[in-house]
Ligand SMILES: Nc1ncnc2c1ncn2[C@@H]1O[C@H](COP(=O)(O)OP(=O)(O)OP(=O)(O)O)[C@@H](O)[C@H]1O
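Coming up is one lone chain in structure tokens, specifically the form predicted on its own.
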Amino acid sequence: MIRLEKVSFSYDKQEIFRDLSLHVEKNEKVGIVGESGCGKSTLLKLIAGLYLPSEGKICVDGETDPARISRKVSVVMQAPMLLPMTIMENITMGHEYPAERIDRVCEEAQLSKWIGTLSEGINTYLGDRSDELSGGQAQRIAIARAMCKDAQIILLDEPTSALDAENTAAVLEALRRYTVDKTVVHVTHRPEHLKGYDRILKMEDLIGK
């Protein structure tokens, strides 16, 4: 399902890592842990087709073209990008989804209560307000977006880092239910968030193999 073979990546002439290899099977849940700055987020962006490797090969669900790969994955980054659109549009990203599906993912991502306090609700425009959103609100919108897309491959980068303990527990449980029949790569520095995963790997052990 996911194959990285001797992948190296450099950014602005600085090498981030060299000869990294990773194999993830279909429906496998893999957690990757490591210290901040070791390249965990970069690894996810490479898998998602957002970055191109300096060397090596990347194949995701049989695809090697980054544009094709990006259609097959859902990504939740630690600092998600929100666009100058409504909450609804940031979740659906131009796709048509049933209202029931949108309501469900908002509930699962712990967004519904906050949305209910807004005068425009889910149609609230974020263009002039996105800087006013908390990190937790932005992360929950990104989680709802990923759930709505419903890709087979889910990439998670510290998806609850800006949430309090109660919301973290609820969102992690929702993600566990949502990803039962999906392939997951979840990078974090908190191994306790990887309960029930098939494998937990150290970033350092993936390099040079």
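Since this is a predicted model, take the numbers as computed values, not measurements. Position 1 is the first residue in the sequence shown; the rest follow in order.
What comes next is about the form predicted in complex with the ligand, which does not appear here.
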| item | value |
| --- | --- |
| Segment assignment from 140-148, 32-40, 53-61, 167-175: heavy atom within 4.5 Å of the ligand in the predicted bound form | 32-40 |
| Residue contact check: I200 to the ligand in the predicted bound form, 4.5 Å heavy atom | no |
| Non-hydrogen atom contact T124 with the ligand in the predicted bound form at 4.5 angstroms | no |
| 4.5 Å heavy atom contact, K195 and the ligand in the predicted bound form | no |
| In the predicted bound form, Q78 touching the ligand (heavy atom, 4.5 Å) | yes |
| Complete contact of Y11, I16 and H189 with the ligand in the predicted bound form (any heavy atom, 4.5 Å) | yes |
